[in-house]
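What follows is one chain in structure tokens, specifically the form predicted alone.
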């Protein structure tokens, strides 16, 4: 299987802090839905930011589809939903998506149709005119909509279902299933382990900046157990 993400010896140290990454080696194949799990402060968001070249690693390498992440071409096919998405509150949802579509170079004649499709998928086609009137859940859905503009090959989701009600979480699950169906790669960082277990093919559990365990979901979770119990047991054994 071709690697969508190839990480080798990834280290990220922060001044005067124990948090960061301490030698991450990880391969995520094209078309996988991959879960990155760990307790708060384990290094998950730092890892995601290194994949996006938003942070410069202390050492190690990151490649996306065989190209160094420092190359704009490597990041061109990437969509990202951050943990705490924010948009200019004076814009409408449509204006946010139009700006993003222009930034990633979508053809102008196609842009309005793509925006309509994404707003409907996010259940935002009749949303308030300005983002400042959006609820937290609506902002989260808008973030998902902008991440999927341009049909990215790799989608990074950092707590994508936070602030969402059960219907919103179901819609995110459906969108992840659609991404998988068209062959996109998804890396999901989430504390909702029951959803992760349903959605993901592979997972890695990170603790104190290191991978404790990684592998196919059906191997990580023995028959008769669930992901939450496996996760808690591993973290407790790894130590606080």
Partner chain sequence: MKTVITLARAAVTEHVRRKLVLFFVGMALLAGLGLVYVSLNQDLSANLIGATVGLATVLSLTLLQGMATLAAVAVSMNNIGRPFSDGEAMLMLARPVARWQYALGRLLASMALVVGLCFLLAALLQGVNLIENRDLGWQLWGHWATQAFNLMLLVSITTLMSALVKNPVLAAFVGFFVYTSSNTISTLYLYVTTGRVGGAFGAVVTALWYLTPKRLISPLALDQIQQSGDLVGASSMMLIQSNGLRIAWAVSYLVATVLLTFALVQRKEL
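Computed from a predicted model, the values in this text were never measured in an experiment. Positions refer to the first chain, counted from 1.
Another form exists, predicted in complex with the partner chain; not displayed. Remarks below refer to it.
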query: So in the predicted bound form, does any heavy atom of residue 166 sit within 4.5 Å of the partner chain?
result: no
message: I'd like to know whether residue 72 contacts the partner chain in the predicted bound form, with contact meaning heavy atoms within 4.5 angstroms.
response: yes
field: Partner contact for residue 76 in the predicted bound form: the partner chain, 4.5 angstroms, heavy atom
entry: yes
Heavy atom of residue 56 within 4.5 Å of the partner chain in the predicted bound form: yes
message: Can you work out which of 121, 162, 111, 104 has a heavy atom no more than 4.5 Å from the partner chain in the predicted bound form?
response: 104
Sole residue of 213, 177, 52, 192 within 4.5 Å of the partner chain in the predicted bound form, by heavy atom: 52
query: For the chain shown here without its partner, which stretch in 179 to 187, 44 to 52, 22 to 30, 202 to 210 has non-hydrogen atoms within 4.5 angstroms of the partner chain in the predicted bound form?
result: 44 to 52
Contacts with the partner chain in the predicted bound form - residues in 166 to 199 whose heavy atoms fall within 4.5 Å: none
